[in-house]
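Here are two versions of the same chain, shown separately as structure tokens and labelled structure 1 and structure 2.
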Structure 1
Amino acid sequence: MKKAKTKKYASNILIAVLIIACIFMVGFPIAWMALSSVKPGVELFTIPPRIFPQNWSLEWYKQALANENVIHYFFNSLFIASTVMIIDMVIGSMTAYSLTRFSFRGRRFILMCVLAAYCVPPIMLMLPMYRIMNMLQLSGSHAGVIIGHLTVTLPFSVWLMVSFFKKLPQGIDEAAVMDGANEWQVFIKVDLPLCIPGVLSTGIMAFIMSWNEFLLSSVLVNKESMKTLTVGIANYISSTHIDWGIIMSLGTITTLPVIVLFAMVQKYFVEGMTAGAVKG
């Protein structure tokens, strides 16, 4: 008995150490970025480096926000990521519902195609996506970027939501049909409310993927006022000079909406991810 308690105690310590190590590896670079954004220029490259600034300064934020294009970058990213999130939640939930609730020929093939589409690296889509958007005269527009982001996020959203809808027992749908509900009413009034945590968690992931996407956004948009925040940050990197202070400040600004979003819907995100991991 004593040996079992000692073994359990040792395993708990090991797990705690691993969790602390993971938090440190993820959190330290973010903390360094945020602290570097409030350091004056002379402290950014001091040797040995200091974690905390001696003289706090907002000069990098002032320089970044003095450029009106940065405001455009932020709202462009917010608009594109929000639109992608909403479309993913609507189309993804309807697609996942149809794939789990209806029996038709080719259903498994569609699921495999969805998984295969998600596994394709975005860099492989760069050239064909650019040519398609040019052909549709959508290159250089937010609509083209949204379509490009959907090619990356929508297969992931569908595949993730399928696990949530699979968890719901078929008996709920049958009871609703016996009460006179049609398939659309079953989806809207019965299944969808039960999957709200899963749908919200999927929407959060789609928002983050779109918000952080760089490759397709840099190819599909070339007008300065229409660039996203991730693409705009690259403007401060050249072959001769890198504005590290401004990059740190813009990186912090880029990270804040994701942190705020997680804080607002953390409960639904955790519920959704754990619900999708349990087979009903």
Structure 2
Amino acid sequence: MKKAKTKKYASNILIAVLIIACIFMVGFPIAWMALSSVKPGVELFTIPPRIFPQNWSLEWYKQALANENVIHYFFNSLFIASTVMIIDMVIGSMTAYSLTRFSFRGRRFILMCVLAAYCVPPIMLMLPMYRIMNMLQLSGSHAGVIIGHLTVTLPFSVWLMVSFFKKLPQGIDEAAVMDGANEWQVFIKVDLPLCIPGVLSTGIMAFIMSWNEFLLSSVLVNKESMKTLTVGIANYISSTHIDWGIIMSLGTITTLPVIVLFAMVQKYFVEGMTAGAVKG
């Protein structure tokens, strides 16, 4: 009995150590970024480096936000990611409904195409995408970036949602049809509400992917006031001298909103994802 107790004690300690290690692993980069952004200039390059600031200062935020483009970056990112999220949720759920609740010919082929689209490297889309946007007169516009992000997120969203819609028993639709509902009503009133956690969590993923996307956003937009946050910050490193203070404040401005937003909606995300999204 005593042995078992010691064993339990040891395993608890092990778990505690593991948890602390995890917290450090996850927290360190973010904490470093946030803490650096409030260090005054003289403390940024101290040797040996210090983790905590001696004096707090908001000068980097003042400098970063004095540049009106930073505000633009932020709202561009927010607008683009929100729109991508909505479109993904709408089109994705419609497609999933279509592919799982009907048995028309070519259904499997469409699903296959969606999967194939998922494995097209974004870098391969980059240049043709730029040309299409020019042809459609969308280059440099938010619509262009949104379409670009959809090419990355939509196949994945459809694929995820198909797995949610598959789980609904066919009988539900049939019962609704018996009650006289048409296809659209079945979709809106029966299937979609049942899949809401899955649809929401897919939307959240799309939002995050869009918010973080760099490559296509960078190729498709030139105008300063149209850039997204990720592209805007990346430009700061490449200039001939690096303002670490400003960069860290911009990094914090980019990261914190998504963390906060995610914390708020996480419940639905977890609920949706664990409704059995990925299963053989």
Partner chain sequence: MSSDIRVKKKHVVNGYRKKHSMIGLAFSIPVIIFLLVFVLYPVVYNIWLSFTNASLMTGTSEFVGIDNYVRIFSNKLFKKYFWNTCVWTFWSVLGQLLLGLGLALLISRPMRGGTALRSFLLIPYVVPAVALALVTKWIMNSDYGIVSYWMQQAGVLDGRQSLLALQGPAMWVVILLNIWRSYPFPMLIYWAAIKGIDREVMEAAAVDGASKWRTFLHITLPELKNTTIVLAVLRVIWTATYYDLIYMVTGGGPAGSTTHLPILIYQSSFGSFQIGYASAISMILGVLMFICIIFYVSKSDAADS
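Take the two forms, find the largest set of C-alpha atoms that superpose within 1.5 Å, and that set is the rigid core. Each residue is numbered by where it sits in the sequence of structure 1, with counting from 1. The shown structure was predicted, so the numbers you read here are calculated from the model rather than taken from an experiment.
Shown first, as structure 1, is the form predicted alone.
Annotation for Val26: C-alpha shift of 2 angstroms or more between the two structures, rigid core superposed.
Superposed on the rigid core, the forms differ at Ser11: its CA is offset by 8.1 Å between the two structures.
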